[in-house]
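Given as structure tokens, the chain that follows is alone and in the form predicted on its own.
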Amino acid sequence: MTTQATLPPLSEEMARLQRRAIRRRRTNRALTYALAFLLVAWILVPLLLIASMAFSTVDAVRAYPKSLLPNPVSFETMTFFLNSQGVVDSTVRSIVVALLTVVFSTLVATPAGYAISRYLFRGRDLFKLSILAVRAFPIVVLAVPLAVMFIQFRMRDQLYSLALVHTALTLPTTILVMSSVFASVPRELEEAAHVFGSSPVRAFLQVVLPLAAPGIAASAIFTFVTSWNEVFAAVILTIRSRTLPAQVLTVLGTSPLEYKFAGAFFMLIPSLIFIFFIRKYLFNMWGQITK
């Protein structure tokens, strides 16, 4: 017959310290949840109010106090915004500019990020800092020289010229993101492809690039959202070819309240759709890089 060993009873001091540690852990957890709840509410409540007003009647938008949920649900406010002059055309231009920015930024940042992550050369860290230093120049400082240059080269008020500006704004961050993603792809996989006869270009296209696809998708999300929301350069560099943020900003001071709420919600839609369709690809593929 075996007897189980029993632990000696805790002293009163040890029990008191243990209870204090449990209370401290519970308090920290409660504070963490409370802070997370406040942050989520800080972000979601304005978005919920904007969505509610966008699908409310005009009278409900102008009423006070406002409700967080539309009652009744109505498309009157959104219809008023969509029928406003220049909204549909500026929306199409915004989508075109954002997609062009994604293409330009990806084509440049992908090889640049790969070169930074794979090759050792003198001044590599300084080169990274110099890339990021481009963001130190605000668009307010660059807008006037860019406008003068675009006028001289007859590029002003063109969608591709605005896409080039947006590419310059997003490229530093995109290159650094790409370099981090390529650095996380094991070099051994690329070397194994070389052993089996693949050229460096083929190994990059067939081995490295598929594994880096989630990072490319993440940078594409960042680029698209940044280009879609950018307004200052669009106002300075365009007149007849204004994007949606520039179009809304130019009439914001004289527009009614329902136009402002519907415009704010409508400007959120493309970014949300873009993220919604690409998030599944991100979640499915990310594990292939981190393994």
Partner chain sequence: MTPPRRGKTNLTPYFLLLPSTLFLILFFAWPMFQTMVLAFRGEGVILNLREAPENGAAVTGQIRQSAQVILLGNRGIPVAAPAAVSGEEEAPSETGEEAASAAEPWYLIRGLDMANQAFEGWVPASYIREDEPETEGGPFTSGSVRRRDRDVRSEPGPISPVVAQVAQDTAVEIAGQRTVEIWYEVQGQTDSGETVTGWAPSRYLEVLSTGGEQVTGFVNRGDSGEWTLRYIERMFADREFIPALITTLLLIVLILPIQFLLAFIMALLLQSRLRGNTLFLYVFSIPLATSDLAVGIIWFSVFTQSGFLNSLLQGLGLITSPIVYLSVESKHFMILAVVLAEVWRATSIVMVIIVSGLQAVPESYLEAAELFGASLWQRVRYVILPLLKPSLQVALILRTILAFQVFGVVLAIAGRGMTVLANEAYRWYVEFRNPNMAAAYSGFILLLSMITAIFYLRSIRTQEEARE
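The shown structure was predicted, so the numbers you read here are calculated from the model rather than taken from an experiment. Rigid core: the largest C-alpha set superposing within 1.5 Å between the two forms. Positions refer to the first chain, counted from 1.
Keep in mind that the form predicted together with the partner chain is not shown, yet the notes after this line are about it.
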task = Pick the stretch from 86-94, 177-185, 114-122, 72-80 whose residues have a heavy atom within 4.5 Å of the partner chain in the model of the complex.
result = 114-122
ask   = Would residue 229 count as touching the partner chain in the model of the complex under a 4.5 Å heavy atom rule?
value = yes
task = Mark residue 272 yes when one of its heavy atoms lies within 4.5 Å of a heavy atom of the partner chain in the model of the complex, and no otherwise.
result = yes
query = Quick one: does residue 27 come within 4.5 Å of the partner chain in the model of the complex, counting heavy atoms only?
reply = no
inquiry  = Quick check on residue 58: any heavy atom within 4.5 Å of the partner chain in the model of the complex?
reply    = no
task = Note that the partner chain is not shown here; using its position in the model of the complex, name the residues of 226-262 with a heavy atom within 4.5 Å of it, in sequence order.
result = 229, 231, 232, 235, 236, 245, 248, 249, 252, 257, 260, 261
Core-aligned C-alpha movement of residue 260 between this form and the one not shown reaching 2 Å = no
ask   = Superposing on the rigid core, is the CA of residue 26 displaced by 2 Å or more between this form and the one not shown?
value = yes
request  = Note yes or no: does the Cα of residue 239 move by 2 Å or more between this form and the one not shown after the core is superposed?
outcome  = no
